[in-house]
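So here's one chain in two forms, each on its own in structure tokens, numbered structure 1 and structure 2.
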Structure 1
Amino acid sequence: MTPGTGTDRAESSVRPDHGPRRARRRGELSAGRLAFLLNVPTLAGLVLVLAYPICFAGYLSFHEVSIRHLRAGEFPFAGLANFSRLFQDEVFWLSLRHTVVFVVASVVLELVIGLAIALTISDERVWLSRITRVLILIPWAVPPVVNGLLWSFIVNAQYGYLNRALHKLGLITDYINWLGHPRLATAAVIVAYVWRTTPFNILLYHAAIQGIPAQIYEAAAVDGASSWQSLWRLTLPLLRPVIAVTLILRTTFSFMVFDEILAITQGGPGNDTWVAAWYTYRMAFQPPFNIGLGAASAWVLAVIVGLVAIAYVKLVYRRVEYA
């Protein structure tokens, strides 16, 4: 086997499917139409619970909306005033910068740690791997705000478990004020978030690894590939679609991080951990209750997330078949 062969061969193996044409000739539903019809209830649900609020938020972003207006149901048209104010607000740009740092750090960590753990627990030779697979999902089951509270106890400077453990181990002499320094506070939130969300990646990677035919590895072994070569030349290329999916999902979710911020730092110290979702919440649901501005902020965030998702699909996602 030559480098990259697996992926290249897989891409070239995608063949045109003439099934739908034949099905139409027989008066049957094509696979595409059937898929669409089966998805109609889901689409209807999504329109109700997602599309309507999103569109309504878009509508609000072009209006002057306070709590009073919301209750009365009357919103004076504001044109682009909310967006104009948003883009002039230094705190918004600061929040965006913090968000980008958070997203990049958390997604990279989730990817690397998730892959490493998935590869480890996929190896049947690793004893207790089955139990580990179950245990590893526990953080994913923890509600985000509970996770935030849990970590706020861990990193508390005065009575946190982390300082206590480090002190007992003799690694520190004075307790570290984890939430008092911008970088440490950001790191604390990232660690808390990654701890909760990495199991999601592990789950997907593990499932994908299990789906790779063993024969491919056997063939590689016959060709003399080492374990390292198998990983780089076979496993990772074949995991590319699922990596793309996790990148898209985790990036979009990371952009919306809120609970851990609320529970651990409240945006502090100062506003050093203000992220975009926190900014949106503060503008809309704390005085002066500028819901129009909050909606504009949410929409800008949504557009950014959408663009990032499109870029991922274009750059990372590839169809893979084990032909």
Structure 2
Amino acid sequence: MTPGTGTDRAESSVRPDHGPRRARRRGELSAGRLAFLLNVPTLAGLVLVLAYPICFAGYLSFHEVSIRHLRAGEFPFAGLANFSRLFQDEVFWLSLRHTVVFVVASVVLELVIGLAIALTISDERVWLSRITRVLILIPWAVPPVVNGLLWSFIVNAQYGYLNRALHKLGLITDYINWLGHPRLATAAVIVAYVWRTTPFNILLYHAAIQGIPAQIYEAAAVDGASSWQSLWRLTLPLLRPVIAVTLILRTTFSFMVFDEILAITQGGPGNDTWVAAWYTYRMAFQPPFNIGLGAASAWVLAVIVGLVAIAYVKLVYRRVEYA
């Protein structure tokens, strides 16, 4: 055994007093615990608002639930019968196909139009740019159902403003039944939805563009870069993080489109504008009120949205880097 030196004994007697240990001895909370306690009300609210309905929908999806069962207060266990019936329903697969078409079309349009408008209003040379910045945000403030009713008046075959305008311009001789044709009805819903949601993308893109240092563009101009080269090699690479976020958010929200379908087409003509959210609503809250089947459809849609969001995060967001 080697006796310790005086310096060793002095070091051992004066051990460092770590902040958290000293805080615990004094009965104080660490920063992490304090942050957790301050967020407990928010977490409790999320559990009540989100977790409970999701879990209850999952419970209903494994039971036979109808108006008769709701009155009796008894839900017979059905196992996977609701999911089996769901996957054998051709209308469900048709609604999923319509949902994919709607999501792809709306997200692409929101990305292209939003980016084009954001670049335009960010240019100080654009006339009345301050006013346009305010006006373009108005659609975002319109409630979805109100937006659907507004566009249902615009595309109405008898008294719609779109037919009237086209007729006065001499582009059509007879009024067009926009909602009577499958493709035209789908296009009408997509246009109404994109008109309401694109300002969200514009707002994010515009804020990101304003955050790009002007010195980067000045250095590129000194090197002889044209406007197109600055856009393609500077602006778009620097906007990649924001574009990735908007792709994730808008894709997940587009999967849940419902209000415009309800107000404009109500799934028509026939089943040609049925989407997954509309299918879930019709199964659960329209005759014959098969709530268990509707809950199973909602869970399948939630799983699809979750998988798409995970794929976006892994394939798109991970590759986002500043050039």
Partner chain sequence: MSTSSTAPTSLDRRRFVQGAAAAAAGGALWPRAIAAQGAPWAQRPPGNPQKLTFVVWQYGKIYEQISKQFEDDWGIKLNQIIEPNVEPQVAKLTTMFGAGDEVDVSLSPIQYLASYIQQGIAVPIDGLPGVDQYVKDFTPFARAAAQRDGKTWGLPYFSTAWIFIYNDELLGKAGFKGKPFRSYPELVEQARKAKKDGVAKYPILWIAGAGFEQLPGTWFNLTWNRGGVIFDKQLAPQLGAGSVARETLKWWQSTFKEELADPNSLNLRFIPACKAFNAGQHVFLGTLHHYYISLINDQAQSPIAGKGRVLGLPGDGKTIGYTMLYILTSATKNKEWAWKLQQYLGGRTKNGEYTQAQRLAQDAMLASGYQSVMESELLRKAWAKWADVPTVLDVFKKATNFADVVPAVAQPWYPRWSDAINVELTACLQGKISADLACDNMIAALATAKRG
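Keep in mind that what you see is a predicted model, and the values were worked out from it rather than measured. Here the rigid core means the biggest group of C-alpha atoms that line up within 1.5 Å when the two forms are laid on top of each other. All residue numbers here refer to structure 1's sequence, counted from 1.
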Structure, 1 versus 2, that is the form predicted on its own: 2
Rigid-core frame, C-alpha of Phe285, shift of 2 angstroms or more between structures 1 and 2: no
Once both forms sit on the same rigid core, is the C-alpha displacement of Gln266 at or above 2 Å between structures 1 and 2? no
Arg71: Cα shift of 2 Å or greater between structures 1 and 2 (core-aligned): yes
After superposing on the rigid core, the Cα of Thr42 moves between structures 1 and 2 by an amount in angstrom of 3.3
